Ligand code: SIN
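In the form predicted on its own, a lone chain appears below as C-alpha cells.
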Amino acid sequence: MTMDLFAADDASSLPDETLAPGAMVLRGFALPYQDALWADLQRVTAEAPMRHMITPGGFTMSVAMTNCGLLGWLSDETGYRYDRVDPDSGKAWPAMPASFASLATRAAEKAGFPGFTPDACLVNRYTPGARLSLHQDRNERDKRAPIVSVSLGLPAVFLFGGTKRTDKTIRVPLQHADVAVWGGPSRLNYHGVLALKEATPHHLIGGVRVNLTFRKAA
C-alpha cells in the first residue's frame, strides 16, 4: 500500500479492503452520516469535553479523548478501565447519539458481524504529531463483539498487527469516512496509529482527525 491512496478526494471511490480474517476497512462507509455525526459530536463534547488522559506510567496521552454511551473508557495512574461516570463532571457520560449507534451497527453487519449493539464510544481527537502506540482492546467484557472504528477529518496511517506485540504490522492509509472493523479471530490483534501529519484541513472537521471507536464493553 502507498500513500497515493490519499490522492482520492472521495474515499467511497476506493474498494473495501480485507486486512486479516475478521478484519476489514469499509472505504467511505461513513460519508452518508458525516453531517449528523459531526453535529451530534458537538453535543457530546459540550457535555463531556475532550481531555488528555494520563497513562498508568504517568505520561500524558498526545490524543485528546472523551466518551459517550453507557460506559466510558478511562486511563489514569491506577490503570485502564470502563466506568459509567465521567470523573471530570461526576455525571454519567452523554447518551450515545442515534447516528453513532446506527452507523456502528450497519458497518459491523457489512463486515460480517450482524447484531452488534455498542454500549460505549471512545472519541479520540488527533492533532498533527499525535499518535497511538500499538495496543490491544482488552478491557471489554464481551470479546465476541467486534470493534468498529470510524475515521473523520485528516488522513492517518493505521497500524494493524497480530495477536502478539512483536508480530509484523501492516500500514493502512485511512481517509475521512473510512470505517475499520475487526472481530472474530482478529478481535485481539494489536493496532495503533502513526503520528498524524499536517494536511489540508477537511472542509467539515478542520485540521484534526477525529476517531469514533465503538465497543461492546459490558
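From a predicted model like this one, the values you see are computed outputs, not experimental measurements. We number the residues from 1 along the sequence you see.
Here the subject shifts to the form predicted together with the named molecule, a form of this protein not shown in this document.
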For the named molecule in the predicted bound form, the stretch among 188-196, 24-32, 37-45, 163-171 with residues bearing a heavy atom within 4.5 Å is 188-196
Any non-hydrogen atom of Ala120 within 4.5 angstroms of the named molecule in the predicted bound form:
no
Is Tyr126 close to the named molecule in the predicted bound form, meaning a heavy atom pair under 4.5 Å apart or at it?
yes
Quick check on Ala101: any heavy atom within 4.5 Å of the named molecule in the predicted bound form?
no
Is there any non-hydrogen atom of Leu132 lying within 4.5 Å of the named molecule in the predicted bound form?
yes
Which of the residues spanning 91-115 lie within 4.5 Å of the named molecule in the predicted bound form, based on heavy atoms?
none
